Every structure is written in C-alpha cells, then in structure tokens.
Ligand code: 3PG
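Okay, so here's just one chain, in structure tokens, the form predicted alone.
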C-alpha cells in the first residue's frame, strides 16, 4: 500500500476517539458512507487496538490507521492490531525507529523547522503539522516550505481544522490531506448519532473534492 497515495486521495482523515469497542464499526461505516474512507483511531483509549481490529474485520473498505503513537510499545500494539499506518503528535526518534523496524508507514508530528529537519534526516517526507492552527496555520506551512520545499516534504495538518478553514489548507499543493476531530464529535459518538456523523463526513468529503482547489 502506498500510504502517500492513500492520504492524498482521502483529503480529510477523521481523527476518532473510541471509548467503547462496540461503537467502532457503526462509526466507521458512517464515515465511509459519508465519503471518508481513511480513518485514524487514536491510541488515547483502552479500546483503540480492539477498535482497529473490529474495523478491519467488518469494514474492509476502510483504511484504518493509528494515531497518538507516542512510545515504541504503542507503535507495536498498533501494528499488531492491523493498523495500515501510524501517526504521532510529535517527533521521537525511538518511535520513528520502532515503526521503521515494524514496516509500519509512519507520519510524525512537527511544529518547528528544527523538528521538520529531524524528520527529513530520518528519511521521512510526510509529516503531521500539529497543532496546526495554534502553530501558525497555513501561513506557517508556507513559511516552512520557503526553506524546505526542495526536500519534497508534504504535510498532514491537524489541530484546529474545521470545515471553515479546510479549503485554505488543501489549497496548498504540499498539503496531502488534513486530519480532524470535527467530523466525528464526541457527543455524536456518545449518543450513537451515526446519521449526523455521516452528514459531517459528506460535507468534508465534498469540500475536499471541490474543483476550485489547486
């Protein structure tokens, strides 16, 4: 699987927090039905690994990755659960090396030029810009590209992104896709409002596929 092409086609990657394994499959089905087939299940909960296994087994059309991988042990657990890719909020060489040893495609988080430089030195060309809005948003990405564009780096901004600013990020050619929690809000998951989540996913997918994007 070419993870770059998968992310590029997705446009938006829902960042989902699953507290109960039983909600994983209906949530994934709602997101896929809405047009978002690449999912990031965060490893912030005890249900994360089981949720990834369930989605892989019952929603085969979804590409499910693991987020918030902040230790080598979490990277291994995600890999063993069947995650197609891993994402981290920061850059940690130990986690990067663990993912590399496992053969797990990995997207580390960066917020500064120094962190981006370290990621590039480690051989990574796709990075998560996090927390995107708090770290300077589209303007910061463009400033980083002023120095690093020649390296071929591409970004997956996450943090503070919503339907209101999604198009601004995706208009930057070096932005592969955007991650966001707004597509699967906690309150909607808690009340099992899959129709609402499907609608939010459809809005995001339509925006990501807008012909005016460059």
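Numbering follows the first chain given and starts at 1. Keep in mind that what you see is a predicted model, and the values were worked out from it rather than measured.
Missing here is the form predicted in complex with 3-phosphoglyceric acid (3PG); even so, the following discussion is about that form.
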Report whether the minimum heavy atom distance between residue 130 and 3-phosphoglyceric acid (3PG) in the model of the complex is within 4.5 Å. yes
Given that the partner is absent here, does residue 159 sit within 4.5 Å of 3-phosphoglyceric acid (3PG) in the model of the complex, heavy atoms only? yes
Can you tell me if residue 33 lies within 4.5 angstroms of 3-phosphoglyceric acid (3PG) in the model of the complex, counting non-hydrogen atoms only? no
Does 3-phosphoglyceric acid (3PG) come within 4.5 Å of any heavy atom of residue 149 in the model of the complex? no
Quick one: find which of 159 to 167, 25 to 33, 141 to 149, 56 to 64 has residues within 4.5 Å of 3-phosphoglyceric acid (3PG) in the model of the complex by heavy atom distance. 159 to 167
Heavy atoms within 4.5 Å of 3-phosphoglyceric acid (3PG) in the model of the complex is the criterion; list the residues of 23 to 51 that meet it. 44
